[in-house]
Each structure stands twice: as structure tokens, then as C-alpha cells.
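First, one chain by itself in C-alpha cells, the form predicted alone.
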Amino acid sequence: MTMMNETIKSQLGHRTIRKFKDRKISKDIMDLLLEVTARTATSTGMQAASIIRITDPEVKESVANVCGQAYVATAPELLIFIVDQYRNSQIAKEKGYSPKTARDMDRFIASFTDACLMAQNLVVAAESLGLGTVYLGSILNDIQRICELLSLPDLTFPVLGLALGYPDQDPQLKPRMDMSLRVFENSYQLYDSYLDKIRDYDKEMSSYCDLREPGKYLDSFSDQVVSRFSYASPKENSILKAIRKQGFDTGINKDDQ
């Protein structure tokens, strides 16, 4: 491939890493990764997302308990990306303006998107330096507990966690769906039979061995879809309530929930 470079090679080789070597990431590398993160694109330049870096072993253990994933407690670095409208609202107040709009959902979504972009930018940089990473959506298993652990004030909200370190495992590349099913030109493409379209992908996915359960191969993708839709997570019902508890106006009345 004529346009290939080392960064793209790293991105094409992305794998989730859940086991890390007992080796610290140097201050110089972490400072560099955070500088890269600072340069991430941000909605209207407001930089309304922040990072909580977990260095206290007890707090890290508590986060791991929320996640239900023991390896989180042993990760050399654990970062929590958060919506942060608090900082800018305080800046506005110090300028003599009380911003009611800080609670709007459009600003929440902008901050949420900023946090996700920051995390991805850091991951690309980290993996280009030989580090391994794993996203932790599981911090949302108990949002209130995470807010308490991190002393999150009004107008903030946890988005996702990220554990990183030097890989101590070598998992397969997980198969991905052909991009012809995910990239459309000018309008959304509908198909008569999606099962026909993913037939080869279904077979490929069934040959992937997940290191979380050594020797066990995954179900076909279509079976995974059914399994995921069959499970109604109780945490999903509490997310809007948690968002409102953190001070944001969801636009939904309590009676509507």
C-alpha cells in the first residue's frame, strides 16, 4: 500500500489489551500523550471535557469493582474521561454572567463527544508508541458510585474509562464487518437480506478466539447481535436520571420516564 505509514500500520493493528506488564509508563510519555490529547478537536473551541487520572490504588480498585473487571485495578494507567461544563460555567460566573445554558443537552452532547474524541486521540498516540489500551464503558455500571469516587461536581458526567500499559498478551485481530455495509454514498443503503450480506463475516467471526475465555470461540456476529438485543441492562434505565442528577436538563419530565 503506497500511502502506508507507521501510524496507519499501528491503527490497522488495533487490538484490545486487558493484560499489562508490571511496568510503569514514564512521565515523559504520559506528558506527551496528554499534550496530544490537548490538541484534539473540540466543539466551538470550548474544551468542555476533562480527564481524571486515577493514581490511588484504593480508588483504582473501587473503579475495577464498578467495572466488574479485576484487571482494571492492575493497569499501569487508568484514565476517566468526563463531560465538563462546570469549569466554563465557573469562568462565566467570574465574568459576572450566570449561564443557564450550561445545563442544556446540546452542550452535554458536545462535551460527551469531546471526551470521546480525546480518548480516541490518546489511544492512537499510545498505540503508536507500543502501548496497549482498553476502553471501559463499564464505568457506567454504577454512575453514582463513579461520581462519588471522583468527587464529580455539578455539570460533570463520566463518559468512559481507558486503561493503558505495555501489553502482556498477543490477541488475534478481531474480524470487522466489510465497510461496504457501513459506508454509504449520499443516502442510507437498505438491503433485502442483511444475513446474506454478512454470511462470510459470520463465518469469520466464529473463528475468533477471545482471550478472556481461552479456547472458546465466539458465536457468529448475527448470533451476538441477537444476544445483545436480548439483554436489557438495568443501568440503561438510570442513565438519564444520573445525567439530570449531575445538573443537566434532559428535557424529559419525571412523569415521562
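We number the residues from 1 along the sequence you see. Just so you know, these numbers come straight off a predicted model, no measurement behind them.
The same protein also has a form predicted in complex with another copy of the chain, omitted here; what follows describes it.
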property: Contact label in the predicted complex: Ala75 to another copy of the chain, heavy atom within 4.5 Å; result: no
property: Non-hydrogen atom contact His14 with another copy of the chain in the predicted complex at 4.5 angstroms; result: yes
property: 4.5 Å heavy atom contact, Asp106 to another copy of the chain in the predicted complex; result: yes
property: Arg87, heavy atom within 4.5 angstroms of another copy of the chain in the predicted complex; result: yes
property: Full three-residue contact with another copy of the chain in the predicted complex, heavy atom 4.5 Å, for Ile8, Gln47 and Val225; result: yes
property: Residues from 82 to 102 in contact with another copy of the chain (non-hydrogen atom within 4.5 Å) in the predicted complex; result: Ile82, Asp84, Gln85, Tyr86, Arg87, Asn88, Ser89, Gln90, Ile91, Ala92, Glu94, Lys95, Tyr97, Pro99, Thr101, Ala102
